[in-house]
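Have a look below at one chain only, the form predicted alone, in structure tokens format.
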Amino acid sequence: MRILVCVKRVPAPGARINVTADGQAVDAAHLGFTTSPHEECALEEAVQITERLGGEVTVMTLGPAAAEEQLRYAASVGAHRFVLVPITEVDWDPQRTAAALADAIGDLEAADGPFDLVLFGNESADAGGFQVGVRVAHALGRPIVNGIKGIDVGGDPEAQSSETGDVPEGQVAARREIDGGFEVYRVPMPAVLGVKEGINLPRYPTMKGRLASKKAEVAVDERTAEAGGQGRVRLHRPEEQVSETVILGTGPEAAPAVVDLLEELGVFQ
């Protein structure tokens, strides 16, 4: 199996996000960065598949030079090859990003053959555009299914679940959650899948993996692409919702205040 995973460098979840004065970018002065969570799960799924079936995992990212950190993280958890498509701007629009990634993937496949699977996160944790994976799949002329919470590859001894049944060689069964169950899509490979967080529990890097990642070779693929029709107007940071805790009292003396509060909330009719 040859699997390509596209990842994105994003601010660490839970961090306080500030916006630059011009409203065009996130102020990264005091931010930590990580791999977008959906894509972290896509990487783990790719590594698990190749551990069972053999093959290699290539990880690609389009981003600043600092995004090499995310590629080395991928190396520490079992990926094999790494490609950085560097940009100097804060971010590219989805059309431009997809065009550059599709071209870069095309060159890799021209040299080494097609990837059986190309995995994206369902959407990035920062922009949340839901577009890049779909646009890349369209450019490559391949089927895509988004919102994936299960992947069964034909020929995999573990691809014998009650939801998908036997998956023929050359196909992949992709499961997507719906109310009360799953939708199952069987598509021929090569294919593109958009993975959702929760498909697995990503592993932590081992010390051996971290040390090996420092020696990983990162290929730099300089790309240009025309800007698309979408443009950023400005980023807006909503006002924080401040909540206060009021102690109504202690012991039996608090009972009247509790009753008054329940009446105010409409609990008592």
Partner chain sequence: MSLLVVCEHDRGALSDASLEALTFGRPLAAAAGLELAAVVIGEGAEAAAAGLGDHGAATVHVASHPILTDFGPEAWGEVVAQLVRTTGATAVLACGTERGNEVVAQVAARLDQPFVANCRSVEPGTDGWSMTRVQWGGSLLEDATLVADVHLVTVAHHAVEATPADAPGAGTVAAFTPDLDDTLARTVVADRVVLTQGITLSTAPVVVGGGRGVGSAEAFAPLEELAAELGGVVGCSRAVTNNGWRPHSDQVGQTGTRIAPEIYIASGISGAIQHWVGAMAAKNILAINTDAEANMVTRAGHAVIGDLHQVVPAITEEVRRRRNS
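Positions refer to the first chain, counted from 1. Note that this is a predicted model, so its numbers are computed, not measured. Rigid core: the largest C-alpha set superposing within 1.5 Å between the two forms.
Although not depicted, the form predicted in complex with its partner chain is the subject of the following passage.
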To verify the annotation, which of these, 184, 108, 102, 167, has a non-hydrogen atom within 4.5 Å of its partner chain in the model of the complex? 184
Judged by heavy atoms and a 4.5 Å cut-off, are 10, 126 and 131 together in contact with its partner chain in the model of the complex? yes
Only one of 80-88, 67-75, 188-196, 108-116 has residues with a heavy atom within 4.5 Å of its partner chain in the model of the complex, and that stretch is 188-196
Even though the partner isn't displayed, in the model of the complex is residue 177 close enough to its partner chain, meaning a heavy atom within 4.5 Å? yes
May I ask you to check whether residue 205 falls inside a 4.5 Å heavy atom distance of its partner chain in the model of the complex? no
Though only this chain appears here, would residue 37 touch its partner chain in the model of the complex if you measure heavy atom gaps against 4.5 Å? yes
Considering only heavy atoms, tell me if residue 26 and its partner chain come within 4.5 Å of each other in the model of the complex. yes
Contact check, 1-20 vs its partner chain in the model of the complex, heavy atom within 4.5 Å, ordered by sequence, gives 10, 11, 13, 14, 15, 16, 17, 19
Residue shift check between this form and the one not shown, rigid core fit, residue 242 Cα at least 2 Å: yes
After superposing the rigid core, is the C-alpha displacement of residue 19 2 Å or more between this form and the one not shown? no
